[in-house]
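The form predicted on its own is given below as one chain in structure tokens.
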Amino acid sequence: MDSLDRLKDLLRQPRKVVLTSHRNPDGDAIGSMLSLYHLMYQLGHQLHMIVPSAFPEFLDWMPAAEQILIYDEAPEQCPPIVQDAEIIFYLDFNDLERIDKIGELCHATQAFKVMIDHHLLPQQGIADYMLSNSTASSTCELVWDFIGLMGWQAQVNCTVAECIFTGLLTDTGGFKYGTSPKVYRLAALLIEQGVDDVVLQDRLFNSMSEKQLRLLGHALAHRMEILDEYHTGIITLTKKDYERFEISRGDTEGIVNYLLKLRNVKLAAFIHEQPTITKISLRSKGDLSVQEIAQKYFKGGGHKNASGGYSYIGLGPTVRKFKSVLPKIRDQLNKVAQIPDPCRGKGEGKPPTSE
């Protein structure tokens, strides 16, 4: 019996199931957890959702989001739940370090572990069944594949579909990157299931607070640097900025993406100073892999066009270290800067004819 058949056999009767995702969970992390939560609830399983830290306020509206336990806020409540689990789902992460102390608890249990994830280089040996595909747009796309493998399509109601659609939207930046024909077909299927994509877009992308908008204006006006020679943009935030704007978790979400709105910018870096660490978020256009930059120079990783890392050397030295990388990838940056015809090499095409 292979691992998928074992999982199917286990889930034929109600089980104690824990769904977990990474620190600083985003729309794909929360969407993948909640989609399986609502689906498996219909099948009679006893479910708990746990993440290491709080998620952004713009996801609070999601059905059953209030049921998600935050380990940082409930360190005594979470361990017994994990220890008692029969099945644990690892969603939207591929290394136990991404879930901090929860990872230690999960590793120590005898529960059947399931990993569903789309990040590069998954840690081996931490899951009994693994559905991993780094070319997928999102973990929610893979959750849809998992539902098909399990034969659970009949349990996909509008609530489940809405949660999956949330992951698609957020991890593709509103269908701007990481897309494929499959993603658009899946989006159409979810809309047919009852998802109101206009309302969902509004909830996810038009829900900034006044503080967030003022912070964005400050970052663009006073903390942005454009390096035209390297087709690169940098935004930094200092500890004083965090104090002045009373920045909390989620307030800086998406700031790095504004750099990519500039035609000449192909590589974007958001470098911000924390109390004990300096974090760097990287985004890119085209075939430039920021995952390699994050992994090689900043102890991080992620996706080809969206990755992150950190350093302990302070804000100024981290910025200088990032700039020192740019001459090494100049050729790649110049190549990406040559905007191709999107249809070149895919056939000449024929103009439509009218009768």
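This one's a predicted model, so the numbers in the text were calculated from it and none came from an experiment. One rule holds for the numbers: they count along the sequence shown, beginning at 1.
We do not show the form predicted together with a small molecule, though everything after this point is about it.
Proximity to the small molecule in the predicted complex, defined as a heavy atom within 4.5 Å, holds among 52, 56, 286, 302 only for 302. Residue in contact with the small molecule in the predicted complex (any heavy atom within 4.5 Å), chosen from 113, 279, 223, 203: 279.
Look at 41-49, 63-71, 306-314, 325-333: in the predicted complex, residues with non-hydrogen atoms within 4.5 angstroms of the small molecule sit in 306-314. Although the partner is absent here, residue 231 sits far enough away that none of its heavy atoms falls within 4.5 Å of the small molecule in the predicted complex.
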